[in-house]
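Only one chain is shown below, in structure tokens, and it's the form predicted on its own.
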């Protein structure tokens, strides 16, 4: 019998498989899914209308350079199209970055309570993962800086942070970037950046030309409601993008994703509706949850972090009870947040049902 583990990098044996938010794919029951931070809205019908035509042409390879999509992104966000790379979800871009800039035995810094995919791609590349301690559940720039040494190659930061919903504002981010050595790549994952209306925030795209070691990643999975099509993009200086383009998979973005992504960027009313809905509920939801005896926190994303006091309630019983009512939320034990769960900002009707059932569960 072959010892498969002996054939791999030792760092790969440290990887825990990524477990997504629970879904209802294997059942006929209709669930309210508040476990994966997806959009509560379907994309506009006129965008959907293009899909049939695109499917009929699926015998043809897609544009390997995603030119139309890059042009649309450039126009929408006022960016240089030559500084954009497109991917099969932003996780594709993150993996390409790890491949390009990490080496075996080097170190990659992630935040405690940060997105758990970062350690996976770091270890896949043979790196040692260094965790910087969080402060009040948020990313600590100071603690990250203290972890940098000669072996450090990449820093991964989600801003806003998943799963805690915390944020690093522009001034703190700039101060941090000024202190990061130029030979260390900083990856700023802005998966939830479109939800933010606070003028103190920057998604980082305006800082790329000032900081040659900065890469920004984004996704269509959240506010643009295209999670099922797997579409993401990255932005950096032209030299970094040229390097990433060399090693990305050929035809890594399918034709449907490219076209639908380009079209949904033009749907301004859809975008504004999504932002307003999220703004409303990110302010309402924590107060309503806190009133029930749980502890919820301010968020800058499209989800709410909830702490369960184990002396008052059982988190597992709450999650199980909600599931029996066909409501799925995200247990955060695999993030080492043992007393926490996360609920996505879904539709108004779904959230109202969630609140009703949560209240009933806590009274039992």
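Predicted model, so just to flag it, every value in this text is computed and none were measured. Positions refer to the first chain, counted from 1.
Although not depicted, the form predicted together with a small molecule is the subject of the following passage.
By the criterion of a heavy atom within 4.5 Å, residue 89 is counted among the residues contacting the small molecule in the model of the complex. In the model of the complex, at least one heavy atom of residue 115 sits within 4.5 Å of the small molecule.
Residue contact with the small molecule in the model of the complex: residue 221 places a heavy atom within 4.5 Å of it. Among residues of the shown chain, residue 230 is one whose heavy atoms approach the small molecule to within 4.5 Å in the model of the complex. None of 278, 193, 162, 258 but one reaches within 4.5 angstroms of the small molecule in the model of the complex through a heavy atom, and that residue is 162.
This chain appears without its partner; in the model of the complex, the one residue of 215, 155, 94, 168 with a heavy atom within 4.5 Å of the small molecule is 94. Shown alone, this chain has one stretch from 289-297, 120-128, 222-230, 196-204 that lies within 4.5 Å of the small molecule in the model of the complex by heavy atoms: 222-230.
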